[in-house]
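Here we start with a single chain on its own, the form predicted on its own, put down as structure tokens.
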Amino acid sequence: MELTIVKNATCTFCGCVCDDIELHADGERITHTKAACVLGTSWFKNHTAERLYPDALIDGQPASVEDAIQAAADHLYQADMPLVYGLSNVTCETQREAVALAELIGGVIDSHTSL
């Protein structure tokens, strides 16, 4: 396999938008990162463009998106204190919608940085 090196790659994982990262790829996967933090390294090495899963899962089984949305709505409706967690790797618009959803269902919001 041919080694590809990408210089000045940008990482958008945590929001710092580091843009001085060097990536080494073997044609299928990123095999080495230079100047990326632990979060960025994990993000680059563990995410691929290949589709590993179906569009939706319910209890680990393939499902239609419509059925998965209904199942998620049922879980949220039945929850005592639903948690909206993460949001570090999504757009501002998605974060806005997640906050609105948490307010609507009486939930709480937390980010990965609270760890």
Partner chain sequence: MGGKVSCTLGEVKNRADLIIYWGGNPAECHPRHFTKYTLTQKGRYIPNGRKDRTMVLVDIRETPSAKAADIFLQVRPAKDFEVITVLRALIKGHAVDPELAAETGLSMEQLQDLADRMKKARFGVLFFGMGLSMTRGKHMNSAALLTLAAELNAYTKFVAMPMRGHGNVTGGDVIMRWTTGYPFGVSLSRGYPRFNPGEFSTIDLLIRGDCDAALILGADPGATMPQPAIDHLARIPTIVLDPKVTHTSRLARVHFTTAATGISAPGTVYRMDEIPLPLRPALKSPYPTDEEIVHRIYQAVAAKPPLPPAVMLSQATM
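Take the two forms, find the largest set of C-alpha atoms that superpose within 1.5 Å, and that set is the rigid core. Every value quoted in this text rests on a predicted model; they were computed, and no experiment measured them. Residue numbers count along the first chain shown, from 1.
Although not depicted, the form predicted in complex with the partner chain is the subject of the following passage.
Residues 16, 17, 18, 19, 20, 21, 23, 25, 27, 28, 29, 30 are the members of 16-33 with a non-hydrogen atom no more than 4.5 angstroms from the partner chain in the predicted complex. Annotation for residue 101: C-alpha shift under 2 angstroms between this form and the one not shown, rigid core superposed. In comparison with the shown form, the Cα-Cα distance of residue 91 and residue 23 decreases by at least 3 angstroms in the predicted complex. Between residue 91 and residue 10, the Cα distance is smaller in the predicted complex than in this structure, by no less than 3 angstroms.
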